Every structure is written in C-alpha cells, then in structure tokens.
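Two forms of a single protein chain come next, each set out by itself as structure tokens; they are called structure 1 and structure 2.
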Structure 1
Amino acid sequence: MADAALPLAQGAQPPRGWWKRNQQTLAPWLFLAPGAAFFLLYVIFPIFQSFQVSFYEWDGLGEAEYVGLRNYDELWYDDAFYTSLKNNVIWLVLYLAAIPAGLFIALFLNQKVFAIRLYKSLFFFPFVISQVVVALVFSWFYDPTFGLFNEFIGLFGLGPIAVLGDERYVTVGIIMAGLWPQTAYCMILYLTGLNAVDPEQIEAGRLDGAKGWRMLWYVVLPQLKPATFIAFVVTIIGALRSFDLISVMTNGGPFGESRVLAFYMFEVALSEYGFRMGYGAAIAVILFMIMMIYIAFFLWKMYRDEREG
C-alpha cells in the first residue's frame, strides 16, 4: 500500500525536487545499505566462498590447487568424519531434553511467593555465563580426583569415573554440561509463555475436571506453542553449533571420540594438525546443509505467519 507515495494533503506544498518526489521508494534502500553491505561482505558471500574453497586443496598460504570433488570423496572414507557425524546426531537428540527439562523447572517456579523473582533469575544464571566458563566448571565437576560428580557417585560405592577421559561417556558428559545453560534458556521461554496463559481457559478446564497432567497436556501446552517452537529452534541451532564446550573440555579427545562436525572442521583447517582449508570447507558445507534443513523449516513457518498476520 505504501508503494505509491501517499497523496499530499491539501494545502501542503507541491513536491519540489527529485528527492522529495522519490524519497519513499529510495528511503528503504538507503536505510538498508550500510547493514546489508556489511552482512553481504561478512556473511552471505563467505558462504559461497566456502563452497568454492571446498573444491580446492589449500594450506591457506600458497597456491590453491583445484581438485574437484576429491575433498568430498576423502570425507566419504574418513572415519573421523563419521565419528563426528554420529556425535552430532547424539547431540541433536540429547540436547532436546532441555525443552521438557526447562518446562518442568518453569512449572516448578511459576508461583507467586516471597523472593520468587530472585529464584527465577538465579535459575537462569547458567545461561548468562560464557560457555568457556561452563566448560571449565564442568571439567572440574567431572574430575576423577576431586570432582563433585565422583564424590556423589562415591556415596553409592561407584566410581571413580574419568568421564572426560573415557570414550564411552565423554560425549554424553559434555552434552550434560551443555544442557545446563540450555535448560535455563528453555525455562525462561516457558516462564514467559506461562505468564501469558489465558486464566479463563484454565478455569474452564478446571470446571471440566481437568487436573495435573491432563490439564498440562490439553489446556496449557497448546497455549505454549510459540514458546515451544522457539525452544526447538534455539536448541537445535545450539546443538549443531556446539564447539566451545568440546574445545575447552576435551579438545576432541580422547582419541577424537568427542569430536562433532563443527569441531572437526576447525581442527582440520586451523589446528596444529595442519591447515587444510579445502577439506575443512567441505566439512563446513556438510554441516551447513544439515543446518539448512532447519533454517528452511523456520523460514517457511515465518513466511506462513507473515501471510496470516
């Protein structure tokens, strides 16, 4: 509707000058220009450049050599790649536990008692701390000589287990550390959602005899749908982005068993094992494709909402 300039009000000066006549069509482009230029240069173009680099063998310094699909071919036979992929799937699945866990804590805290706001903030606390610090905190938590985790299982006569040094437990151990801040995030989403739940519907449900789980499932959860959707999006993105925790807690070890694609890519391209930019880019392309499924889904949903709204 704003495509055509609004008719000028009676009595206003007739438009003079080219700028005055065209400013409504030009203004959006002018306002977009600086932000869009930055974003194109640093985000959009690099995506395509990465695709391009993945067809080359390049150490980041010398000449890049075109190798076609050889990097992808090598990936196909790379065990470390499959370990990373497998761990990515484990991350994706287990990380989703943050959503019900967050809902559970939100329900627990959704009361109006003394100092409850402070409690809510303190429960949210882990999300505000940097993942690097979360990683350090949990590496000490898991420490086999003095970590609280082993003190705890010691009470039951178990352990000690070197969680981060054992290839059977390492990925799950790191995911547990990641779930701590992620659950806090989901909790705050649900607390906000619960605040907006329609009290009349709850009352109506109560009159119909709905209680506890049935009330939660049939009356409350449908109203929390927007919160659940956001929780899903941020949790999946978070799971696929996992890098900081792995890098600080285990550096991919033991024997590369805790690698995920995001970490393996970095290792291949920039660590002491060598500067294989092309091979790294190929891993990044695969990770990007996986992420693209979720991004497309998210955009599609946004597009639908836009048309309705």
Structure 2
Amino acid sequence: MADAALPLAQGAQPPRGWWKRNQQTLAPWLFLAPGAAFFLLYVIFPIFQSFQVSFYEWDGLGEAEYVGLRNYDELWYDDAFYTSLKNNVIWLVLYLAAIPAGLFIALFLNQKVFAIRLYKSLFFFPFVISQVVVALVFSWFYDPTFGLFNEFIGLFGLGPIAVLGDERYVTVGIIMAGLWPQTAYCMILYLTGLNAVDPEQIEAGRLDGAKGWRMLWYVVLPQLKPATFIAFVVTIIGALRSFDLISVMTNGGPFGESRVLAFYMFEVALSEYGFRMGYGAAIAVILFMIMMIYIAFFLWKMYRDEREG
C-alpha cells in the first residue's frame, strides 16, 4: 500500500488506458467501418443472394420454387442470351478504344498551349453529363431525317442510314455514343497520372536520345501503369454493365439485336414481359463471373509486375 502511494519518479509517464494505447491502430478502422458495413450490405450480400435466387423459379412476390440448375440449362438453349453475350463481347473489344484515345487527349492537354483550360473543359464535359443525356444527344445525331451523322455522310453521296434501326449497325452506333464519356474518364485518369511522372526520368531519357514515340513507350508509359490498370478495369466493367444507353436509345431493338446481358437480365426479371427473378439472377451470375475473370486477370498481372519490379 505504501508503494502505491509513492509519487511517480521524475520524468515518468502515468499509465495510459487501453484506448490511448491503441488509438492510432483503431482510429482508421472506426472511420472505415460505416463504409465497409454499407459495402457488405448493399454489394456483397446481394451478390450471394443472386447466386441463391438463380436456383429458384420466382416472380418476386409469391412463393419461390427450387429448380436447381434449370435456369442455367435454359440459358444454354436461349438464342436471346447468345445475342446478348455476343454484343457484350463487341462492347468489350470496341470500348477499349477509350483507353488509348484518353491517353492521347491527356498527352495533348498536358502541354502548354494557348487556351488549354478551354480545351480541358470541352474534353471534360462529357464525363459530367448523365448517360441519359448522352443517349438523347446521339439519338438525335443518328436520326435519318435531320441528324448530323447522315448530313455528314451525305456529303460523300452515302445514306441516309438509320443506325439505330438497322441490326447491322445498331450495336456499334451505341458503343460510339458510350465512348464519348468513357474517353473523357480515361483522359482524367491519365492527366492525374501525368502529374506524377518523374521529370528526372524524362530528362534522363532526353539525354539518352529518347523522344517522341520512344520517350512515350519506354519512359512515360511505364510510369502510367497504375492509371492504365484503373482505366482497363473501369472500362471493362463499364462495357459489361452497359444498360442506360441501350435502354434510352433502342430499348433492346431492333428485334432484340442491341441487347446486352445487363439489359436482358432486366428484361426477363423486371420488365412488363418478365418477372422471372430466378432466370434474371442466372444471367446476373454469368455476367458477374465474366467480370470477375477479367478483373482477376488484371489484378494478377499487376501483382506480378509489382513483384518483378
């Protein structure tokens, strides 16, 4: 008892509580907890729920009937599913053009030229407007009676072409509309990456005689790998989950030829002709697995590059 009453030695710190000792470790987790909880509740849980619902026949209101793999078996023989899958592949291939386009626009905007802020605003504009607005603008652009597209090709003696009414051109036409805002997004990513490029490496490359394409390929692009990775992932996800443009511009037409998996999922599960939640969930699972294959590949590639570096 006498020892407990002794005053603290000169310079000694009083004993701290458990919170004080662990404050720096726990504080970041406390800030992350609300976001993590919402992510688990509204993203992770619905993903697993979709897997579960895909094994049932359910209209969304009544009692669900367990049917096992019947929904997936039906997909195997569904021509509309294969049309949607084919269109998604076309979206994936053509949508990737947004990445090099965004890079070259970013390289241009990174220069010191007259009225550069005006150019940046014009290229940034598509990113901040709604996809619905983009769809309406391009619907007018492609209109066979007064659209600028047909006015332009008419100068060469072509047209008029009803792009959104022709099954040969409709998917490509919608993708061109989607590339407008997606290129702006990639441009923003690369502009941010260019601000972090090491000027000493640029100067060293110049001393070694590198310029133009050689400077871009061997000096600049290796430093833009993080931006390129994000651009690839976001562009692939955007191509696979495309829905807004198709819904506004064609509603899946003509004759269902512009459908993609996300739109077909909505059509069979939630539209006036659908209410087949299990079948829609099966399409969602297929779409999710395709998306995860691409993302896992890029994550693995990035991890390998980091280890080799």
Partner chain sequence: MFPVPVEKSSPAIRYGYQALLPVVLIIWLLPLIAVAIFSIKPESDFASANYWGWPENLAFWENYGLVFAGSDMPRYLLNSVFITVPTVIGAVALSCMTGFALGIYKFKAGIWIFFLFVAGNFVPFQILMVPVRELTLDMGLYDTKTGLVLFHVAFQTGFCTLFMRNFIKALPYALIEAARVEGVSEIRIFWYVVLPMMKPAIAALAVLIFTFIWNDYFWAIVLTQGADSQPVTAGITSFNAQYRAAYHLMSAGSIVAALPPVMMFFAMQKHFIAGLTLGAVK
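Under this definition, the rigid core comprises the largest set of C-alpha atoms superposing within 1.5 Å between the forms. What you see is a predicted model, and the numbers here were worked out from it, not measured in a lab. Numbering for residues begins at 1 and runs along the sequence of structure 1.
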Structure identified as the form predicted together with the partner chain:
1
I want to check residue 60: does it shift between structure 1 and structure 2 by 2 Å or more at the Cα, with the core superposed?
yes
Large Cα move at residue 255 between structure 1 and structure 2, threshold 2 Å, rigid core
no
For residue 77, is the CA shift between structure 1 and structure 2 at least 2 Å following rigid-core superposition?
no
For residue 29, CA displacement between structure 1 and structure 2 after the core is overlaid, in Å:
7.9
Once the two forms are fitted on their core, CA shift of residue 303 between structure 1 and structure 2 in Å:
8.1
